[in-house]
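Take a look at this single chain, the form predicted alone, given in C-alpha cells.
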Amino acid sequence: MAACLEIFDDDKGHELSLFCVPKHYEEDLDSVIIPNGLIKDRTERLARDIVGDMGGHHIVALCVLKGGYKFFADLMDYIKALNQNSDKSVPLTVDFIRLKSYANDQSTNCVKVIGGDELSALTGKNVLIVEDIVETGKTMETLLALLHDCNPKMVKVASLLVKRTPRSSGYRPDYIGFEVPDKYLVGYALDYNEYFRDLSHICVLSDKAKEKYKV
C-alpha cells in the first residue's frame, strides 16, 4: 500500500485566522485542514519517490484538469529540480486531460472524459497520471480502463489526496500525498462549482457555503 500522511477523522484543522485566506471566502470555510507549506513539502517527497522509481524512463506526465493543475505544476517543478541536481533523472513530456463526474458536491455515476480521443498518443509510453483527489475511485478506474485500451508501456498514478469514504471502490493510487476524512475540501485548485480554486491552503467547506454556491 502506498505510503501517505493521514489526516484523522477527528482532526479539527486549524483556525482560519492563523492563515492568509481571501476575505471573500472567510465565511465559507470551517477550517484549514492542510496548510500550503505542508502540501509543498509532501509534494517534494512524492517527486523524490517518483524519480527513484521511474528514473531513466521517458515519462508522459498526464495532468487531470482542472483540480490537478496546482499539484501537477508543483510536482513537475520538484521533479525538474531533482533532474538538475541528481545522478538519476526522468525525461519528461506533459499532456492534459479533463474528467467531469460532479454535480454540486455529489459524484455522479457518469464520468465524462474531455480530450479522450488524444489518449491514443500514449501507446507504448510510460504514463504518470497526476490527479488532485481520489474519492470513490470510479473516475480513475474509468480513465485507467481507457488508457489500457491504448496499450501504454506502464501507468502510475499520483494523487495529492485520497478520501477515506465508505463509497470507495477500494482503488488506491501508486503515490498518495494525504489520506483525508470524508469531508468536502476546497483550495489549492480543488473547487466547489468552480469557486475556491484560488485558495492557497486546503480547507473544509462549510455546509452554508454549499447552499450559497449551489448551481
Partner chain sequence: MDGRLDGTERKQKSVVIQEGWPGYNLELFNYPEHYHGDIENVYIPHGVIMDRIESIARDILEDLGQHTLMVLCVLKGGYKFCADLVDSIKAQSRSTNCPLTVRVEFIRLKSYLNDRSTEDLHITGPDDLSVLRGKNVLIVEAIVGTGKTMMSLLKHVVTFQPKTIKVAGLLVKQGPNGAAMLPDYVGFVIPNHFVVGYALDYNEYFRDLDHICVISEKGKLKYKV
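Positions refer to the first chain, counted from 1. For clarity, every value in this text was computed on a predicted model and none was experimentally measured.
Below: the form predicted together with its partner chain, not depicted.
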* Asked: Looking at its partner chain in the model of the complex, is some heavy atom of each of M76, L92 and K163 within 4.5 Å of it?
  -> no
* Stretch in contact, per heavy atom within 4.5 angstroms of its partner chain in the model of the complex, of 31 to 39, 60 to 68, 144 to 152, 185 to 193 -> 31 to 39
* Asked: So, in the model of the complex, is R45 in contact with its partner chain at a 4.5 angstroms heavy atom limit?
  -> yes
* Asked: Looking in the model of the complex, any heavy atom of D10 within 4.5 Å of its partner chain?
  -> no
* Using heavy atoms and a 4.5 Å limit, would one call F19 a contact residue for its partner chain in the model of the complex? -> yes
* Asked: Do A209 and its partner chain share at least one heavy atom pair within 4.5 Å in the model of the complex?
  -> no
